[in-house]
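A single chain, nothing else alongside it, follows as structure tokens in the form predicted alone.
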């Protein structure tokens, strides 16, 4: 199977034009087929505030009412997505910007209202991603750029977590490609000391995950990232990395961030 790299970026890159420019240069330089998944950064919140729509959060998750859905669709699928695509085109990469509704690439289910009504938020399952459609785009020489907007197949757009989309796409594509998943953010990886970039944990095996949580080394928003990483590996993804977007050029050298390693059972 051919190699495929799926990379997810968030606000750290999107909100800073210089970071974004350099990241996209490094992204274009990566060998092999690629898919880029992006979130929304601060732009949606700032636009909402300017329009009198206050962001509502529960446990760090955005409540997506109908007004918020309109705003995030405009920002994620419009402004941010097309800006990234235009920059990639300018750097020689034939990118195509997509929501989950385009080509029915990602179909989600509206999140149940119990115990919290998150509004128009979409959850994914093992049948959500059309690997065939993404495969067709890759074979046509295109670089898919996926935003965090999906649909339910019955006219309704939904806001879906970009980390979740990246993981679901990686799992789906692993049946067709040797797939690696890369989460880019502002830190160099999982750090033993969050204030010291030299304390990167280069590899984490699944059995070490619980120990790192117990010691407080893995905490907060890093816990779901690593949980999703190991779930993706269990379902066929070759490798998952978490690291600093500014160092993406190191990925092909094998020294990028923290690598999630699958347990290999030895035969007796």
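Values in this document were obtained by computation on a predicted structure and should not be read as measured data. Numbering follows the first chain given and starts at 1.
What comes next is about the form predicted together with another copy of the chain, which is not displayed.
Q: State the residue from 43, 201, 53, 238 whose non-hydrogen atoms include one within 4.5 Å of another copy of the chain in the predicted complex.
A: Only one listed residue qualifies here, and that residue is 43.
Q: Quick check on this chain: which one of 62, 225, 70, 213 has a heavy atom within 4.5 Å of another copy of the chain in the predicted complex?
A: In short, 70.
Q: For another copy of the chain, considered in the predicted complex: do all three of 78, 95 and 142 come within 4.5 Å of it, counting heavy atoms only?
A: Checking in the predicted complex: 78, 95 and 142 are all within 4.5 Å of another copy of the chain.
Q: Test of understanding: in the predicted complex, would residue 112 fall inside 4.5 Å of another copy of the chain by heavy atoms?
A: It does not: once another copy of the chain is placed as it appears in the predicted complex, residue 112 has no heavy atom within 4.5 Å of it.
Q: Taking another copy of the chain as it sits in the predicted complex, is residue 195 in contact with it (heavy atom to heavy atom, 4.5 Å or less)?
A: The answer is no: residue 195 has no heavy atom within 4.5 Å of another copy of the chain.
Q: Does any heavy atom of residue 123 come within 4.5 Å of a heavy atom of another copy of the chain in the predicted complex?
A: Close contact is absent here: in the predicted complex, residue 123 is far from another copy of the chain, nothing within 4.5 Å, heavy atoms only.
Q: Counting only non-hydrogen atoms and a 4.5 angstroms cut-off, does residue 103 reach another copy of the chain in the predicted complex?
A: Judged by the heavy-atom cut-off of 4.5 Å, residue 103 is in contact with another copy of the chain in the predicted complex.
Q: Which single stretch, out of 168-176, 115-123, 155-163, 182-190, brings residue heavy atoms within 4.5 Å of another copy of the chain in the predicted complex?
A: Among the listed stretches, the partner-contacting one is 155-163.
Q: Output the sequence-ordered list of residues from 128-147 with at least one heavy atom within 4.5 Å of another copy of the chain in the predicted complex.
A: Sequence-ordered list: 133, 136, 137, 140, 142.
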